[in-house]
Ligand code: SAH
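Shown below, as structure tokens, is a lone chain in the form predicted on its own; questions about how it binds or moves come after it.
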């Protein structure tokens, strides 16, 4: 039996089907009445229209997603032990990584690991956490304690600077050390490749860990090739390409000068001669148009842009941007070349991305062979009842 008495709210009739199928969200319209007796972020029980216990989660009146489910077990309290069990389970999955080969990965992937609103990335012995929801914010002290107890980390940095916090009624915060000691940056290994990560100033938590398997997959296509990496950030795809064989020549393009500077340092860290490669600070769309007009061609083109759509309302414009980007990418790709194109926009589906590739090829009267497709890696698990939480799509194509 639960040791804690939780307040309760009830669903309207016939609004429990998705929950019974394992979904972790309840929208405000499914509630018989708003539970005004519960503070935002507070934990409550969810009951059916006939009074049976269904689940336990946390509530927020500020968002359309009124309740995010934490457990379907009426006997499971939301306490330190609960958090430790979830973290322990997540760590067990990440044991697939050999720390001598890869010591940077996502440790907690929100709903995918049964902890909605919490993201934690591990970089060697440092954790970088992001709290996105009011419910997880109320659990913050317990979350930090549980992470330190279960992981033995050197320290935890909180990066609560995401705009999604505003929708939850939360403040945007400067990065702060939540526990232990956190250096300015740390060197990590990914598939045997070395990177340094600036988790204080870098994007997201400092590195895009979700592309690890795609970076590894790229190697076989870039041996001795001329490669263009667009939206290169600190050069993840670029380093893998350059390491594939010494004759490979890589051009990295990003609008951020600090990111390009970091790329040069990471190349040198991996024993690569930066004089054999190009590092360009530019808007990718402008660069591709200029390269096309100059008649430049590459054997491999990587298109890994930031999210063009963060809401359903931006989807139409995003699809136009993906079509334009893939058209430009193909215009600088040699016949028979390899195109790796990606989307991290959650409202853009895999078939949307493939449609953008197909339409671009049709406009150029070129044919496309789909070679490989990827979604999330093992450290970014997706709850199978919540396909809407999947966001990443990557495809390797051969364009004739």
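Keep in mind it's a predicted model, so treat the numbers as computed, not measured. Numbering follows the first chain given and starts at 1.
As for the form predicted together with this ligand, it is not shown, yet the points below apply to it.
Engineer: Against this ligand in the predicted complex, would residue 237 count as a contact residue? Criterion: heavy atoms within 4.5 Å.
Structural biologist: Contact with this ligand, yes.
Engineer: Even though the partner isn't displayed, in the predicted complex is residue 179 close enough to this ligand, meaning a heavy atom within 4.5 Å?
Structural biologist: Outside the cut-off, so no.
Engineer: Answer for residue 89 alone: is it within 4.5 Å of this ligand in the predicted complex, judged on heavy atom distances?
Structural biologist: Residue-level check for residue 89: no, no contact with this ligand.
Engineer: Using a 4.5 angstroms cut-off on non-hydrogen atoms, would residue 142 count as touching this ligand in the predicted complex?
Structural biologist: Result no; residue 142 lies far from this ligand in the predicted complex.
Engineer: If contact means any heavy atom within 4.5 Å, which of 298 to 306, 159 to 167, 120 to 128, 133 to 141 contacts this ligand in the predicted complex?
Structural biologist: In the other structure, the partner sits against 298 to 306.
Engineer: Going by heavy atom distances of 4.5 angstroms or less, which of 203, 278, 265, 187 would be at the interface with this ligand in the predicted complex?
Structural biologist: Contact check passes for 203.
Engineer: Counting non-hydrogen atoms within 4.5 angstroms of this ligand in the predicted complex, say which of 105, 82, 199, 208 makes the cut.
Structural biologist: Looking at the other structure, the residue within range turns out to be 208.
Engineer: Need the contact residues for 25 to 50: heavy atom within 4.5 Å of this ligand in the predicted complex, sequence order, or none if there are none.
Structural biologist: Contacting residues: none.
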